[in-house]
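One chain comes next, on its own, written as structure tokens: the form predicted on its own.
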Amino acid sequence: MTDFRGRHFLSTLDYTSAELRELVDRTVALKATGGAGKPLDGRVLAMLFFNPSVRTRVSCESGMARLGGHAIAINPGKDTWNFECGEGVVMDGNTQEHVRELGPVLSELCHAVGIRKSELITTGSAQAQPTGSYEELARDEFMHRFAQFSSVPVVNLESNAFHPTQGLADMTTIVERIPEPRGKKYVLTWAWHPKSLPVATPHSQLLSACDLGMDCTVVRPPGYALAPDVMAAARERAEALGGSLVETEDEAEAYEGAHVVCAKAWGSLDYYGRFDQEARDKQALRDWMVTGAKMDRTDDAFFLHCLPVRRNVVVADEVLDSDRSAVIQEAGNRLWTAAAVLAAVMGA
């Protein structure tokens, strides 16, 4: 059994496919026992939520509680100081605490730290217009700088580039439904959405299937490619396990013979920072929605979505409310994958 103690969980790319499969196995075992034995008794998790959260926050808090530990949720800038991560900055503005102190202090007070920070996650009607290019934001500077100064494990609860706990939940759900997924067809389909959403979740969802050796297809309109470096890494990992990764703009071809269909809306990297223009230009793509007719082209595939989902925008009711939908199982697995990761990195 691998010793994960003390390791950060910032991206599944930091772990081998075999290590991720071991975390899936641990997830399934914890789920079966309900966290019996309370392996995290006396352990404390601090969580910095710069963005709204339902499943991620509740899964971590519930996972810690079921394993005997405790979680503390912090909303930076609301019930704390504003935090800074830049090097050599003169802090005479609206930031009051630097990660050089924050990381070591939380390491003294807690056994692990979770961070959710994405410049593109918003609520309400307004679309965020983050400064900087995607390439700049994908560095996830705050999270990596915090991890640099933390002496306890840091878990990525969604950043600009990755959402690894969601990816692991998808991986677990696939394995529960297809015990030997190697060589089975997985489809990640882009979906229309009124807003431009982050690429972090589709990145991690795609990697989850590639790390299982599946034959993966990304189907999306022109101009909606995922990050080239992530695609290259995903293809390499799939092929190493006998799988494959292809891209297409042909929905009919993509759905044909699929065993898993995962839908996710994401913003175009070509439009990054120009989302008002993207919203206007993508109106003609509203038919990019998962429907019963499209699912009928599959090999009795089941449907995945990370939630929350806009009904009859991303996916039709006829799919979401059918036996083909695995979204509740997928969301429920967020609890047990969070528990498994936290237990592993805290050495339980």
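Numbers follow the displayed sequence, beginning with 1. Here the structure is a predicted model, which is why all the values come from computation and not from measurement.
This protein has a second form, the form predicted in complex with a small molecule, left out of what is shown; the following refers to that one.
Taking non-hydrogen atoms only, residue 294 never approaches the small molecule to within 4.5 angstroms in the predicted bound form. Interface membership of residue 313, defined by any non-hydrogen atom within 4.5 Å of the small molecule in the predicted bound form, is ruled out. In the predicted bound form, the small molecule sits beyond 4.5 Å of every heavy atom of residue 282. At a distance threshold of 4.5 angstroms between non-hydrogen atoms, residue 37 is out of contact with the small molecule in the predicted bound form. Only one of 22-30, 300-308, 37-45, 282-290 places residue heavy atoms within 4.5 angstroms of the small molecule in the predicted bound form, namely 300-308. Only one of 116, 237, 184, 193 comes within 4.5 Å of the small molecule in the predicted bound form through a heavy atom, and that residue is 116. Of the residues 208, 159, 166, 173, just one reaches the small molecule in the predicted bound form with a heavy atom at 4.5 Å or closer; this is 166.
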